[in-house]
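Only one chain is included here, represented as C-alpha cells and corresponding to the form predicted alone.
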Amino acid sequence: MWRDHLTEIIVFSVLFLLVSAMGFVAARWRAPKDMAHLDEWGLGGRSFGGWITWFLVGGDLYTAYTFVAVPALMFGAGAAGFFAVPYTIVIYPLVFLVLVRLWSVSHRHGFVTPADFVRTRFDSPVLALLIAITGIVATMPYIALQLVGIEAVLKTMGVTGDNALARHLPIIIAFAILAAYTYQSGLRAPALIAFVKDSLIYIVILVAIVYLPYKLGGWGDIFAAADAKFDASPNPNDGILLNGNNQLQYVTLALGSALALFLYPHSITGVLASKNRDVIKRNMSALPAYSLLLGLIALLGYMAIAAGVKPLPGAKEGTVDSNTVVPLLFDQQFPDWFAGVAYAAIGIGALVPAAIMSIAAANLFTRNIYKEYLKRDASPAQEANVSKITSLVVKVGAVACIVFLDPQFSIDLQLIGGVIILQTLPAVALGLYTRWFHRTGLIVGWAVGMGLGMWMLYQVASPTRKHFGGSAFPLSEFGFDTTRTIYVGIVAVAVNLAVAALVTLALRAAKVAEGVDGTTPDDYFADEGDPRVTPGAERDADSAREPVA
C-alpha cells in the first residue's frame, strides 16, 4: 500500500516538482532574443559549452530505463546483461572524429537533423525522407521505455490503481508536465534538468556501491549468491561468466549497439547543440566516466540476488516485472528518505531523455517532412511552432504505448528500434567520409537491410511471444548446426552495405546520374565563428540540378 511508502512518495514528489519548475524556468536561462527558431528551441542556440554538453549527452544516453533494465538483465541472465558496459566504452573512440565532422558540416549549413545532412550530401529528398521516418520510428518506443522506468518506481511505492486509467494516471500527469515545459523551453529544459538528474544518480550509485556490499556481507558473498542462483537455473546460458553459446551474441550485440547509439536522432541533437568542435572532442574523451557508472549500476542486479529480492508480479498472470528489481532493492535496503531520493533519480532520469527524444523526433518531422513536402516556404517561426506541436503528439503516442500495450512489448520494440536505426549507418555515418555510394544504391540497401531485419526479428520467439521476441537470431535458421545466436542488427546492416555497394557499381557502370553534393571538403572542418552557408540555399538551387532519386 502507498501509505507504507509515504516518506518515499513525499521525497520523490518534492524533487520531481523541483525539476519540473526548473523546466519552466529554463526558458529564461541563456534566453535568446527570439525563441521562435529551431536553432533556439530545438538546439538550445547551438551554444552549449563543455559541462552543459557533458550533462546533456550523458543524461540523454544513460536513461531511467538504463537504471532499471541493465541490473534487471544481470539479475535474470547474469554476464550477458553486461553487454551495455563494453558497448558504451567502444563507442566513444569510434565516433570521436565522426561527430566532429557532423557538427562542422551542420554548423556550416544550418542542419538540424541527420536527414538534413543526407538531403544535401546525396541530393535526394527520398533518401532524406527514409532517414527521417527511420529516426522517428526508432525513437518512439525509446520514449515509451522511459515511462517503464517511472512505472517500476511507482509500482514499488504502491502507487497503483484498480484499472488501467488509475494505474497510469501518475505517468500521464508526469508526462503532461514534461510536455508543458518542453513546449515552452525546448532543449534548454532537459539541459538544465540534466544537472540535477545526473548529480542524483551519481550520489545514489556511489552510496549504493559502498553501503550495500557492507550490508550484504561484501562483494565475495554477492558474487557467490549470484553464482549459486545461476547454477540452479534451467537456462545453460545464465551465469556470471559467458559460455560458448552466448559469446557471439554478446559481441555482436555490443558492437551493433555501439554503432547504433549515435545514429539515434536524440544523440545527434545533443551533439549539434554544442558550441564548437573542441566541446565535442572533450566530451567524447570524458563521457566514458558514465560507462564506469553504468558498470556499477549493472552490479545492482547481483546485489538484488544477494539481498533476496523478489520482483513484483507482471501485467500478465504468472509473470514477474523484472524492472522492479532495483526499486525493490532500494526499498528494502535504504532508509525511506534515501530510497525516495533514489526513486527521484530514476524518475527524473526519465524526463531528460524523453524530452530530448521528443524534440529530436519533432525536428525530423518538421524539417524533413513538413518543410520538404507540405510547406517548402515555411518561415523559421512556423518551423518552430510545428516542431513544438509535433513534440506534444510524440509524447502522447509514447504514453499510449504504455497504456495500451504490454510493457514487455515496449521493451522488445526498443530492441527492434536498434535494428531499424542501424540501417541509416551507410548514409549518415559513412556519408560523412565518402560520397562513393550512389543515392539509389543507399535507398535499395536501406530497403533490403530493413526487410531482412524485420524478417529476422519476426522469426525470434520468446517465452511470451511467438514473433518479435527479441533481437537474438538463432543461426540454425540459416542452416548452421549450432545453438548460437547473433544480433539481428549486425547481419541486417552488413547486407545493407553489400547491396548498396553492388547497386552503386551497377548504376555507375550504367552512368546513372548521382546528383550534386551540396557540401565541400572544407565544410567538414568548419568551427565556431566560420561563415555559414545561407540556410535553404541548397534547396533553392534544386531547379538547376539533375533529377533527384
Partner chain sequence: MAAPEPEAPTTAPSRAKDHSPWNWLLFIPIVVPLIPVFFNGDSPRVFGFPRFYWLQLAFILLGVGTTTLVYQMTKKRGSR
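Everything numeric here is computed off the predicted structure, so don't read it as measured data. Positions refer to the first chain, counted from 1.
Unshown form predicted in complex with its partner chain; subsequent notes refer to it.
J.: Within 4.5 Å, heavy atoms only: does Tyr433 come near its partner chain in the predicted complex?
T.: Residue-level check for Tyr433: yes, a contact with its partner chain.
J.: Might Phe24 be said to contact its partner chain in the predicted complex, defining contact as any heavy atom within 4.5 Å?
T.: Contact with its partner chain, no.
J.: I'd like to know if Met74 sits close to its partner chain in the predicted complex, meaning any non-hydrogen atom pair within 4.5 angstroms.
T.: Answer yes; at least one heavy atom of Met74 falls within 4.5 Å of its partner chain in the predicted complex.
J.: Using a 4.5 angstroms cut-off on non-hydrogen atoms, would Asp522 count as touching its partner chain in the predicted complex?
T.: Yes, Asp522 sits close enough to its partner chain in the predicted complex that at least one of its heavy atoms falls within 4.5 Å.
J.: Each of Ser13, Leu192 and Asp377 near its partner chain in the predicted complex, meaning some heavy atom within 4.5 Å?
T.: Zero of three within 4.5 Å in the predicted complex.
J.: Which residue among Leu312, Val251, Leu392, Val403 has a heavy atom within 4.5 angstroms of its partner chain in the predicted complex?
T.: Going through each option in turn, the one that passes is Val251.
J.: Looking at Gly295, Gly158, Gly451, Gly397 here, can you tell me which has any non-hydrogen atom within 4.5 angstroms of its partner chain in the predicted complex?
T.: None of the others qualify; the residue that does is Gly295.
J.: Pick from 238-246, 357-365, 331-339, 464-472: which stretch has a heavy atom within 4.5 Å of its partner chain in the predicted complex?
T.: Every other range fails; the passing one is 238-246.
J.: What residues in 264-302 sit within 4.5 Å of its partner chain in the predicted complex, counting heavy atoms only?
T.: Residues within 4.5 Å: Arg277, Asp278, Lys281, Arg282, Met284, Ser285, Pro288, Ser291, Leu292, Gly295, Leu299, Tyr302.
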